[in-house]
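A lone chain, given as structure tokens: the form predicted on its own.
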């Protein structure tokens, strides 16, 4: 029997349900009476060795505070999985649990099919880690710090200089890290995480403290690692970064995993609607009223020669047809799909 904490998508009320893997549970929210169905995932879908990272029923408490509440998810081979949540939601706690840097109260975690509880040293040989707060030996140079990490990973030191060059630190090899800026330390941390070409990368706020050029560099490197088959699990407060590079996202709020899927599928589930911007040669009241009458149109705004329309995806063609029938001459059409920020705000109730 699995115990699962879920959140009502309508009123955000939190409730606990129980069931076995594969069970479909009919749910009526006791707060708002909304009805829904929850399907308990099959355990093997999480603890399959084909998934490089598997987390099942993870719970972590600090005294009486539940930081992570019975969450389950898996990261597929070769994908970039983004982990989102407000401050204090449980992101870093989850990452530290995956890396066995903290003890957990319950749950199973496997890296490449190896339990981190039974054999953590073997499991973490597969992982390169960039923590949110990086610590180096300030009195050593960038290259000396890299050599230290290469020795720890039993990796040839010949990898170190090329990695520093890739991270834009080729001109600072012999500079002491104590004189590095936050952005330079972040790049050095990324270089250290890449030592030994690990098949799994765990990156906690990889763009923290970086300027736009540094952000672009890290993003490029993440994509490059994915192209080589590396599995990437990353957290970030920069929603545009997650939307730009991630195949799937998981959203955690107050210790509960409230959503996980691709951005487009989450948008569909949450019924977020795209915005169409139609540029016309001239806007008339007849055109505006015709658009408002189209079934599925939620909102219409007129800005100069543009009409901004929020509507159901299936109504887009009907909107354009209505404009033309009302005498509107279309110059340009743009569609903006729901953003990750909208998904995030919807599921976290902010």
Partner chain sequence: MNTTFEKILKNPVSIIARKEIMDNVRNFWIILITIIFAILTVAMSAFGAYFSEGWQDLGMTIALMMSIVQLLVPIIALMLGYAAIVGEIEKGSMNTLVSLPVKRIEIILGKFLGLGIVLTFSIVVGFGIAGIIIGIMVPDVNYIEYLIFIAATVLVGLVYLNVALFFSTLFKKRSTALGGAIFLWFFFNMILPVILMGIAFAGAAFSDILEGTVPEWYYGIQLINPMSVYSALVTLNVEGVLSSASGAVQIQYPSFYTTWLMVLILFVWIVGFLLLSYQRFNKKDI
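Numbering follows the first chain given and starts at 1. Computed from a prediction, not measured in an experiment: that's the story for all the values here.
The form predicted in complex with the partner chain is left out here; the points below concern that form.
- The closest non-hydrogen atom of residue 153 lies within 4.5 Å of the partner chain in the model of the complex.
- A residue is said to contact a partner when one of its heavy atoms sits within 4.5 Å of a partner heavy atom; residue 216 fails this definition for the partner chain in the model of the complex, lying far away.
- The partner chain in the model of the complex comes within 4.5 Å of a heavy atom belonging to residue 138.
- Residue 60 belongs to the set of residues with a heavy atom inside 4.5 Å of the partner chain in the model of the complex.
- Per the 4.5 Å heavy atom criterion, the partner chain in the model of the complex is contacted by stretch 101 to 109, the sole one of 231 to 239, 79 to 87, 167 to 175, 101 to 109.
- Residue 125 is the only one of 248, 223, 275, 125 with a heavy atom lying within 4.5 Å of the partner chain in the model of the complex.
- Of the listed positions (113, 209, 131, 196), a single one reaches within 4.5 angstroms of the partner chain by any non-hydrogen atom in the model of the complex, namely 131.
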